[in-house]
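Next up is one chain by itself, shown in structure tokens, the form predicted on its own.
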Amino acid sequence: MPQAAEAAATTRDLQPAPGAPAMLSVGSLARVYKGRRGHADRRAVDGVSLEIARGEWVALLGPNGSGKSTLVRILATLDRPDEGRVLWQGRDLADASNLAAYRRGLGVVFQHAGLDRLLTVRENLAGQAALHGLTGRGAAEAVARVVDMLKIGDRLHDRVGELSGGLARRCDLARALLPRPALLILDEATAGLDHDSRIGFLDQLAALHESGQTGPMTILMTTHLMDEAERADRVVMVHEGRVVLEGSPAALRERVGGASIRCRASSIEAEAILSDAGIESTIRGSERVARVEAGADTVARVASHLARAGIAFEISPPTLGDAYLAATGATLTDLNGGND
């Protein structure tokens, strides 16, 4: 079969029939890591059930150790669950033929780029195309497509090790897009990037998702950053291996209600002002954050006291971090000592 026809056949295999089930359905999934030398077993994923619709962008939001990376490793077929099952368009991935078809339509971007730093961008992409069974004209067309999509044509002859972090990430995304994936999984894919590179990578991803250049691609990403999760259609909050809350970013923020007051964590006077007003506050990194559910009069009075004391502060609507804290009692920067 010609290579272009092979690519088209793979894409057709992944198109669900009208009225088909969810793109991905996870039922009561669990992954247990055995404790060593008398330590208790750890349930990194603990009874997770989740459905992802075709073409949906879903963000798994939680701090390090919450279980989100273990979950996506299972969905990326790099690990197996101890309990539960995963269905792809209604087909059980425990079946080898279903698993093989699922992998053909899967693209994955992990924290560390899946590229050989000693090879050029072109060599990396050509090698990946070959792994997907594309050779000759089919491989050339696939490489040209992703290169054009991600605007990396002027760097094809550069070694990956010579690229900036942001550009290497774009090349890694190009690698993942070679098979025209129906499902793209990104696990903390912006880790280690500076602010501008991180935003640029996310803007590129959003543009591809919205433009339809990649077809009806479903995106599942993990993050502990609120601004990244805000880009998704739906946010699934994960805590201690369990799904604790899910919904659109706007719905989750509205669920919290009230307002948030933020100021420097080191300000003892700010803590006293908030405490005198009967408002509890929490330290999050360098900030002291207080959620105010009372009326506008209370907010105005506290703001007046903070201003008179010369304390810099910010009053804003609730954030996804506030929603996570309300649901779990933990912050998105908490580290519980475990691996995801």
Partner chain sequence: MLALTRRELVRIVRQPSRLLASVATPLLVWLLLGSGFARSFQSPAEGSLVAGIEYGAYLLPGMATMTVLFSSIFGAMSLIQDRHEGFLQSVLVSPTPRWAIAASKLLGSSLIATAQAVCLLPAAFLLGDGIGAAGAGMAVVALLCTAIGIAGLGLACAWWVDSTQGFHGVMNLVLLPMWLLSGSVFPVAGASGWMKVIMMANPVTWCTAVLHNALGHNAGDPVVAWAVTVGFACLGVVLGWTTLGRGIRRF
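Numbering follows the first chain given and starts at 1. For clarity, every value in this text was computed on a predicted model and none was experimentally measured.
In what follows, reference is made to the form predicted in complex with its partner chain, a form of this protein that is not presented.
Checklist entry - Looking at R155, H132, R242, H209, which has any heavy atom no more than 4.5 Å from its partner chain in the predicted complex? => result When its partner chain is considered in the predicted complex, the option within 4.5 Å is H132.
Checklist entry - Which listed residue (R122, R198, R104, R91) meets the criterion of a heavy atom within 4.5 Å of its partner chain in the predicted complex? => result That would be R104.
Item to check | Triple contact flag D79, D82 and R175 to its partner chain in the predicted complex, non-hydrogen atom at 4.5 angstroms | outcome: Every residue of the spot touches its partner chain in the predicted complex.
Checklist entry - Out of 228-236, 109-117, 255-263, 190-198, where are the residues with a heavy atom within 4.5 Å of its partner chain in the predicted complex? => result Of the options, only 109-117 has residues within 4.5 Å of the partner.
Checklist entry - Is there a heavy atom of A270 no more than 4.5 Å from a heavy atom of its partner chain in the predicted complex? => result Residue-level check for A270: no, no contact with its partner chain.
Next on the checklist: Taking any heavy atom pair closer than or equal to 4.5 Å as contact, tell me whether G127 reaches its partner chain in the predicted complex.
Outcome noted: G127: contacts its partner chain in the predicted complex.
Next on the checklist: Just checking whether R31 would be counted as a contact of its partner chain in the predicted complex - the rule being heavy atoms within 4.5 angstroms.
Outcome noted: R31 belongs to the contact set for its partner chain.
Next on the checklist: in the predicted complex, is there a heavy atom of its partner chain that lies within 4.5 Å of any heavy atom of A100, even though the partner is absent here?
Outcome noted: It does: once its partner chain is placed as it appears in the predicted complex, A100 has a heavy atom within 4.5 Å of it.
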